[in-house]
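The chain below stands alone, shown as structure tokens; this is the form predicted on its own.
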Amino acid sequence: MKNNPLIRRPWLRIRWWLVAVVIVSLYVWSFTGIEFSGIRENAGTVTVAILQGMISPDWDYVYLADGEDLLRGMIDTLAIALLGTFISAFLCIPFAFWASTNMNRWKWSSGIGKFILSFIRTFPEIVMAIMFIKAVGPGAYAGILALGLHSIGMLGKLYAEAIEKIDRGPAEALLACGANRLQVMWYAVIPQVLPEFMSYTLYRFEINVRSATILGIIGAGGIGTPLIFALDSRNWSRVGIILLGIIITVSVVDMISNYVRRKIV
């Protein structure tokens, strides 16, 4: 008991109590700002209708020969996520080397690179999608641009961290043999970071598949567009089959990506 730090230093216990009080106060203050106007009279009816739609989905919507269906929507969603990830995976490489501290002579230079990547990550995908919809019109093109630009910030940060963890021994050995900077980059740096680059890219693709389903709700293509139409028309059986398709697609993509990433790293 004498070695207990809380007994020897009572201020530690007081500090933890102060932290707990601050956290509880923040939660209470947050909930006081929520305006609760009560539950609507038709809430029970709507809830039952939603559950019935989930239990008995519209299986005919899986494939329609003469119109948009679940398969086409999910293929569009996967294509948007794949192209957005592919664009960002290449465009973020220069930013990653710019932001890595061990690839710059001056700390302020890598600091600027990190700031630019943080600035890009500040804008959510849905905000970028709204901006691109205003610029290029609604559709998959706006969704691809939104995912591609937003993913540059996150992938660039992960790539930069991978570059900063490399072993400098091979690079120094090549420099001692008279290799130039490009040769050092190609033979000493790229082989070390490429597995992690591929792993981070696959992980980002998983996230982009989920994001692409949301972007369609605002008109950026993908399965989100028929989902919002089904919600507006209260077609709960169609909502159920769309949600079921999203769950299956995301789960399959996650399993495949996890398997590939385990083989790479």
Partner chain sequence: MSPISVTPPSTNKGRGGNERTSSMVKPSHTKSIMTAAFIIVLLWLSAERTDATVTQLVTGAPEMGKLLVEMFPPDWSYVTTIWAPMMETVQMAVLGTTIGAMLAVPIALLASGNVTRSKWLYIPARLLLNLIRTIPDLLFAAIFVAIFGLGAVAGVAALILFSFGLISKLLYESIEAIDPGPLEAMTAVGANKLQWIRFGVIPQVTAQFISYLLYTFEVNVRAAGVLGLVGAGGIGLLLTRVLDQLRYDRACMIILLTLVIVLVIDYISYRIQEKLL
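Residue numbers count along the first chain shown, from 1. If you superpose the two forms and keep the largest set of C-alpha atoms that fall within 1.5 Å, you have the rigid core. Since we're looking at a predicted model, the values are computed, not measured.
Separately, the form predicted in complex with its partner chain exists; it is not shown, and the next lines address it.
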### Message
With a cut-off of 4.5 Å between heavy atoms, is W98 one of the residues that contacts its partner chain in the predicted bound form?
### Response
no
### Query
Would M131 count as a contact of its partner chain in the predicted bound form, using a 4.5 angstroms cut-off between non-hydrogen atoms?
yes
### Task
Give a yes/no on whether I55 approaches its partner chain to within 4.5 Å in the predicted bound form, heavy atoms considered.
no
### Message
Contact with its partner chain in the predicted bound form for T213, defined as at least one heavy atom pair within 4.5 Å: yes or no?
### Response
yes
### Message
Going through 124-151, which residues have a heavy atom within 4.5 Å of its partner chain in the predicted bound form? Please give them in sequence order.
### Response
P124, I126, V127, I130, M131, F132, K134, A135, V136, A140, Y141, I144, L145
### Message
When the rigid core is used for the superposition, does S251 move between the shown form and the other one (threshold: C-alpha shift of 2 Å or more)?
### Response
no
### Query
With both forms fit on the core, has S56 moved 2 Å or more by CA between the shown form and the other one?
no
### Task
Could you check whether the CA atom of S233 moves 2 Å or more between the shown form and the other one, using the rigid core for the fit?
no
